[in-house]
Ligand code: ADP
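One chain comes next, on its own, written out as structure tokens in the form predicted on its own.
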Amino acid sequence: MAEPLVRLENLTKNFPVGKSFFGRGRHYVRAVDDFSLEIFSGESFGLVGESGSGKSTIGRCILNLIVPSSGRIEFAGKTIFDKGKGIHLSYREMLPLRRDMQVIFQDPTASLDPRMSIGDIVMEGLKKHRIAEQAGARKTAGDYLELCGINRDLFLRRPGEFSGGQKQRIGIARALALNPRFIVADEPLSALDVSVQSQILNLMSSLKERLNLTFLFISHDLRTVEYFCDRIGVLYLGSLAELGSTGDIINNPLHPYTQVLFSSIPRDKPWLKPVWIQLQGEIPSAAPRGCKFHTRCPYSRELCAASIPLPEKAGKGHFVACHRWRELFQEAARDNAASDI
């Protein structure tokens, strides 16, 4: 198998949430907890989970926008961060890598400077990295705007003159202008109307194939992830609950949390009775002992509260971190067999 473009090893990120008298004894929330992942060149990796599960934090750590607390991050064979070896690339050291790793933001309105023309917004990176100047930068920016569905004749207009979908197209053009290899798409559709989401998703899909892009696609919309991504990681309280190909995760979810997420999706065949899995409570602010999901899991037992489940291989490239997944899988198989009789 080819070497991964992005490799994360035991990544952890803690955020301070308070302090005691005289500022001592600060408390921390572990947003990302001992997280490991490999993303291969040319694939779209989907990261799903509830709000507060750590998805955006992982993306920002990869881009070196925030500093991890521990672990290791590698991009294209170069170490960006390694706590054990004391490696953390500075702003100047990161500049050559910035061209190859870009981001598409969740809110296209907030991500575009309202005082700049859309042409200047797209040209800014080209000039910063000295890829092109003046006429060359203007032509390149115009080409990428048109590639993303924005007429180059609108070059001098400002973001406020465009709709939400058009603003997101401008944001995508800005990300692509540097000809990157890797893009973090952080909820790129959630701020858009439903009618526009499919257009932007189709645009991103065609650009991925045309430009051979690699995506970390962060989303709440499970149907979108199913359409766009090659592999899916299910995140809960900063740790992977399940990892596998899109087909495995969609058609054969093994972790109870994954089953809960996908049972909430409306079925394509409405005449079939939906299978609802009830989930109690909200995602906790601090991880409980044992399995992180046991406080909300409808199948929890004493073992779940006593020890942390390690990821187990359930198939080729399919891993699940659950003490009871084999037992639950066998029960589901018996129920399916009985329903077929």
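Numbers follow the displayed sequence, beginning with 1. Since this is a predicted model, take the numbers as computed values, not measurements.
Although not depicted, the form predicted in complex with the ligand is the subject of the following passage.
- Proximity of E312 to the ligand in the model of the complex falls outside the 4.5 Å heavy atom cutoff.
- Contact check for E43: no non-hydrogen atom falls within 4.5 Å of the ligand in the model of the complex.
- Using a 4.5 angstroms limit between non-hydrogen atoms, A31 touches the ligand in the model of the complex.
- When contacts are judged by a 4.5 Å heavy atom cut-off, S56 counts as touching the ligand in the model of the complex.
- Three-residue candidate spot F15, S51 and R60; every residue lies within 4.5 angstroms of the ligand in the model of the complex by at least one non-hydrogen atom.
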